[in-house]
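Taking the form predicted alone, here's one chain by itself in structure tokens.
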Amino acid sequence: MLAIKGGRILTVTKGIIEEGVILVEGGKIVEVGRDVRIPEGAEVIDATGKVVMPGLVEAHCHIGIIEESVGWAGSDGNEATDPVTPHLRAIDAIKANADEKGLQAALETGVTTAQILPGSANVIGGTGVVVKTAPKTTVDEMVLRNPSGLKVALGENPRRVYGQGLKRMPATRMGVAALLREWLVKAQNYMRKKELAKKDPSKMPDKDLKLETLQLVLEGKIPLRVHAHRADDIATAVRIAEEFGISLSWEHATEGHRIAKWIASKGVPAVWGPSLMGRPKWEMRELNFETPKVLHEAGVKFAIQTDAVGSGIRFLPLCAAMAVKHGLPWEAALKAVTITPAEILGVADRLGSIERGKDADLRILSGDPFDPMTEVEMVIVDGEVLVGR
């Protein structure tokens, strides 16, 4: 058994416990509180004067699938040869070794969980996967949820790759939306044929991997993860989602401040970011750190993300800190990098807060999690100390 004692425990969901104790056994949190008795023989970590919080959750990134400092040989995020590729799976491209710089930086920072998604070149880009960032022999041993959603991209990216680059559809926003609708209808027809074939097996259609994946979306088993910076693009995605009765999350939400109340009324969660960058394209011209505050005040469920392709994932706490500087309440920022992304990703039953029964994924810090001077002194994943003494 492992006992962490004396720290200022940020449980996220059940307040702050001063000079508390966390007991860990079998990779799980078995007790947390102020007056918890430490059993004899337990390994004790003295966190007196330190801050103990859950491991951070990165809701949207490309670490492992686009390897840092490798170039073409390690760039597997975009299959930019076909605008509709729902059958692609991010898990098939992730380098899980300990020397992968993005995963390494995540673990050192205490980003213990991440959703890794295909890039945004295609209208339908493939399925994402939620993993723990602790290195294993294979990525399969890191998986928390697979598939975790189907990546869809609206806006400039697919138009640039296909319309401008390859002179083929989609060249316009109308074309992007039309392709998405077209393939959702194909999947509906495919599902209907499969249903009819239950009475007459001779009518069973040949298995189609593209349509099988879209069927998961139409059945409500996974959501669309919709890349969209502009408000009008997410409005199109919501329109399509309502037409087909499917769910989605708004990835990037750069213009979230424009339609925060409307998005809240639709019950669409937002995954805001990246933020620590310039404005490389027109649709990002309104990027600013006040958007999280506006989303919060409107009642939008939102997470903060880095969109990292490598070691930039280490800036997740700084992204949240900048949002706090620009008006987001401290408690809301804490949730935006812990429990809320866990909820959006469908893994909140296991992580995102310090509670009995959850995975023992923890960060021990020298001070406030949003103070840039704070040091990460220890990172624990599944009850094992992986960073620090």
Partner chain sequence: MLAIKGGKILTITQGTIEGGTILIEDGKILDVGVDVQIPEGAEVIDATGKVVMPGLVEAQCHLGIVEESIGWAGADSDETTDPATPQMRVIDGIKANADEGGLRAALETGVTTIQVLPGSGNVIAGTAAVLKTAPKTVVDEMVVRNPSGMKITFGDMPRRVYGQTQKKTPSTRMGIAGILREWLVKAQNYMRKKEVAKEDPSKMPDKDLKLEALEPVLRGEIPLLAHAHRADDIASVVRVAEEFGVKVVWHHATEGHRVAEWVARKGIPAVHGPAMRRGTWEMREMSFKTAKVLHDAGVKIAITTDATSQAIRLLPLVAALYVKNGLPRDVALRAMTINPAEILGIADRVGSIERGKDADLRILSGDPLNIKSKVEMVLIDGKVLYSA
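Computed from a prediction, not measured in an experiment: that's the story for all the values here. Numbering follows the first chain given and starts at 1.
The following text describes the form predicted together with the partner chain, which does not appear among the structures shown.
Screening Gln164, Asn288, Ser247, Thr137 for any heavy atom within 4.5 Å of the partner chain in the model of the complex leaves a single hit, Gln164.
Just one of Arg279, Lys193, Lys207, Lys221 comes within 4.5 Å of the partner chain in the model of the complex, counting any heavy atom, and that one is Lys193.
Remark: Asp307 does not count among the residues lining the partner chain in the model of the complex, judged by a heavy atom distance of 4.5 Å or less. Taking the partner from elsewhere, Thr172 is found to have a heavy atom lying within 4.5 Å of the partner chain in the model of the complex. Contact check for Asp82: every heavy atom lies farther than 4.5 Å from the partner chain in the model of the complex. Within 4.5 Å of any heavy atom of the partner chain in the model of the complex lies no heavy atom of Glu141. Only one of 297 to 305, 151 to 159, 100 to 108, 314 to 322 places residue heavy atoms within 4.5 angstroms of the partner chain in the model of the complex, namely 151 to 159.
Within 4.5 angstroms of the partner chain in the model of the complex, the stretch 219 to 251 places a non-hydrogen atom from each of Arg230, Asp232, Ala235, Thr236, Arg239, Glu243, taken in sequence order.
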